[in-house]
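Next up: just one chain, as structure tokens, the form predicted on its own.
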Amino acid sequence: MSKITDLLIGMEKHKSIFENEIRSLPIPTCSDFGSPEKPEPIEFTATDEKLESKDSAAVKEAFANSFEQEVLKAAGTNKAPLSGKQVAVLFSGGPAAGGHNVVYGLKKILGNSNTLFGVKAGPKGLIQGNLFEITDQNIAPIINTGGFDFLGSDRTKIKTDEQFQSVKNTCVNNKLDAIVVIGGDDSNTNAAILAEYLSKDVKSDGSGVQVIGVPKTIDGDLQIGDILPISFGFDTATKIYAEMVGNILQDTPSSRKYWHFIKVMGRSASHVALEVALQTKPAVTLISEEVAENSISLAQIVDHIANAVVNRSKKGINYGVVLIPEGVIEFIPEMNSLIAELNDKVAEFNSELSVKNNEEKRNFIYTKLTPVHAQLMSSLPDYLEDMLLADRDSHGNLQVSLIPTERMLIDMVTIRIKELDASVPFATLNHFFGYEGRCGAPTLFDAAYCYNLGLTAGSLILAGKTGYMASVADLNGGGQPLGIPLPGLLNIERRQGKDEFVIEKALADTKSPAMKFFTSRRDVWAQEDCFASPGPRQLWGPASRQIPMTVALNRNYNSLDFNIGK
């Protein structure tokens, strides 16, 4: 073989020029941990900040062994960290960039005096006892790389007596002293419940197993003001989406003939859409929370987009981009009401529906819905009706990622434009940016954030803490490691007919500084081309230290630079 073929073969299995380079990049480290090359565990002290939910009294009763309200902050080097600890770490839920660096941070801070195990395939692997010891040799290839492939993940919820007993058996069989759960709001809810369940009488000496959570979700809906500015993975995902949206925005005045309808991830909240809009300045952006708050109907949304198209056309601009949050359909009042009734009816008549074709399903369900919902459903395109009747997820909810909202809006806006001005040209293309953003190599921010989250989680374990979520705050002031009490975040929510303790999703605040800035500029963006292309993610270079714009605005930072470790 030639020299070039040898080179190309050598680049297989995650050994591209880029991947080899990023593994050697220095990672900014909070000064509390001392030397970046040899970080030391930190001690914690209580702050004056206490967490309180509307259901704190009920939570305190149910979580008697692990209930805490006070947020913890770093209090210098831990002079007597616990040693001989057997710690297991797992990923839970969908992937997010930076997860491997959490594991790296854990391994680094636990050092040679403790043992770190990886749990394969997430919570299911914890139930099955599928563990392996993580070595320095395992860690070296995954530093600064994307994805969750080192451990794998799944969406199993640990909630039955049998599952809890299996987890307990895993702890006993592997002599575990602590578990680190890396996941979103549901996963950290599970971590809180596990912390309570494993708080005592697990090991032979009658002691318990510690549980620490780490905040992950590209949707950005796990936020708690200044103490948890953002979850990891959000920055990388939004920069990936913003690059692609920016590329399309640059194409629109080049081809001069297409309106692109782009759906981006964010079922329960519009943080992703808002961040991408701030970075790229498209002509139209929908914000789900604003739709719900102002009771904006589907017809009003269609009118809003159609009028933007017509008004730009009058200026000779027959192109543009419409940015759509994945879950907006559930925030439209009449659609939300329809979907809620459909969820009940699909569950009630599942056996009857399962043997019918799509047309038969539609005709059958019309007879089971209230007249107003039957009329609304029948007015929708057939393909949308079919998706509304598709199989539900494990919670009994509609899988909105499968709903072609962007296609529905194109069809409805096309009709409305013909009514407003039939002479307006309206050629369209539609896109859904979802999985593209979850497993990319982390931005410098996510790489640093995750590494420091791992150092914080490990320090909480070595300080003997349980039932906390690791966090790093003060992102533009050097970084401040925190421990957030998980029970303090819990509320009672009705799910599948019964009350459950959950961490509420953080929705985009329509009164936040980020939203106020967005609303002050969107009319200008709609009227003329103001778009910007943020370009690719940078791990070095002029934009490498840029944090999410929504975080900078909402936390009142004075720049877009994070300075962890500066």
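Fair warning: this is a prediction, and the values are worked out from it, not measured in the lab. The first residue of the shown sequence is 1; numbering continues from there.
Keep in mind the form predicted together with a small molecule is missing from the figure; the text below concerns it.
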Distance check, Ser401 to the small molecule in the predicted complex, heavy atom within 4.5 Å: yes
Touches the small molecule in the predicted complex: Thr217 (any heavy atom, 4.5 Å): yes
Partner contact for Arg155 in the predicted complex: the small molecule, 4.5 angstroms, heavy atom: yes
4.5 Å heavy atom contact, Glu326 and the small molecule in the predicted complex: yes
Heavy atom contact within 4.5 Å of the small molecule in the predicted complex, the stretch among 423-431, 67-75, 295-303, 260-268: 260-268
Heavy atom within 4.5 Å of the small molecule in the predicted complex - residue from Arg438, Lys281, Arg362, Lys85: Arg438
In the predicted complex, the one of Gly125, Gly93, Pro81, Gly246 near the small molecule [non-hydrogen atom within 4.5 angstroms]: Gly93
